[in-house]
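The chain below stands alone, shown as structure tokens; this is the form predicted alone.
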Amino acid sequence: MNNKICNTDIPFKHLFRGIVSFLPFANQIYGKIKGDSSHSCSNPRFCYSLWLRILVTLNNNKLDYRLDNIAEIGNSSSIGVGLVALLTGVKSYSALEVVKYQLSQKSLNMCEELIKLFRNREDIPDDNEFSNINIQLDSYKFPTRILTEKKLSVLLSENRLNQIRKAILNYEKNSIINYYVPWEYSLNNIRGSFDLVFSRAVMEHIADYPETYRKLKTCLKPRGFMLHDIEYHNHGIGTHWNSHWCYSNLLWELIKGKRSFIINRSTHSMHLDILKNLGFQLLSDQRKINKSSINRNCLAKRFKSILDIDMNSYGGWILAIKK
């Protein structure tokens, strides 16, 4: 490793953006200028790949038989992953969000695209197509041992598909698709409700992620479980993917500014430790390794003691069960 990247590696563009965010209405103006950005879960094949990777991982841990009621935290404006889950036999899907999005013809169109993928028994899109999914499998063949022909004949029957289509159009008046907004204040309604809570590229953006894990724990049924796919790179804030761990707390506060959706600089081990402290049993986890190009001496005081493996962990996922 070299020692080129230290606290002098200041991302001036992001520093300016953070400082400007302290001005009144700056974030609203920036949002209008930037406009709507494309979200990966707006792609049916991405949703298909993500959920089937989750399903196979749960099956490997003998947990997929308990998938009646599931929830996704931070689904953005797409319920695509939830639709895939429903098509594989899940009874109800809940979106835990801070903003409520309208389900529209777009969701219906996605549902039809997903139905085609299942009818064709399409293999799971692998890392050549979606390398940003951290959940990796030994085989990306269509999981026939989980979704047998007999089971699919029931799941893809017109009667059941019409129930899902109807739920999309009338999602405020059914128990198949649910929205909880803002979810943090809806805990009294969803306490002890879910067999599974999952997320993709969300937990790295939540400032108080330990408290979020605590709240999610209350949403789970006894022996409920969670699976989180998490990114640890800096999303372009810095010259190297992990140079955000070199910035002092003061510099980072200026970069962060008043922006609500920015990375929390957590590491894989930090998430593991929080879940252990909350009483979760860790069932499985995996890291996506990307060799660090910064010198440990360049790390900010807060990160001096992080493990070498964390310095090289670009992303990862964690599966844990509520004891």
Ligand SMILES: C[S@@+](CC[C@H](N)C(=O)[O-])C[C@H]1O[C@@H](n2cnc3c(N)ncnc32)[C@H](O)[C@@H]1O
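Computed from a predicted model, the values in this text were never measured in an experiment. All residue numbers are counted from 1 along the displayed sequence.
The discussion below concerns the form predicted together with the ligand, not included here.
Contact annotation: Tyr65 falls outside 4.5 Å of the ligand in the model of the complex, judged by heavy atom distances.
The closest non-hydrogen atom of Ser40 lies within 4.5 Å of the ligand in the model of the complex. Contact check for Asn75: a non-hydrogen atom falls within 4.5 Å of the ligand in the model of the complex. A residue is said to contact a partner when one of its heavy atoms sits within 4.5 Å of a partner heavy atom; Leu117 fails this definition for the ligand in the model of the complex, lying far away.
A heavy atom within 4.5 Å of the ligand in the model of the complex is found for exactly one of Leu220, Ile206, Leu87, Leu147: Ile206.
Just one of Leu187, Val98, Leu161, Leu169 comes within 4.5 Å of the ligand in the model of the complex, counting any heavy atom, and that one is Val98. In plain terms, the part of the chain that comes close to the ligand in the model of the complex, with a heavy atom within 4.5 Å, is 195-203 out of 195-203, 246-254, 161-169, 117-125.
Taking the ligand as positioned in the model of the complex, the only residue of 261-277 that brings a heavy atom within 4.5 Å of it is Phe261.
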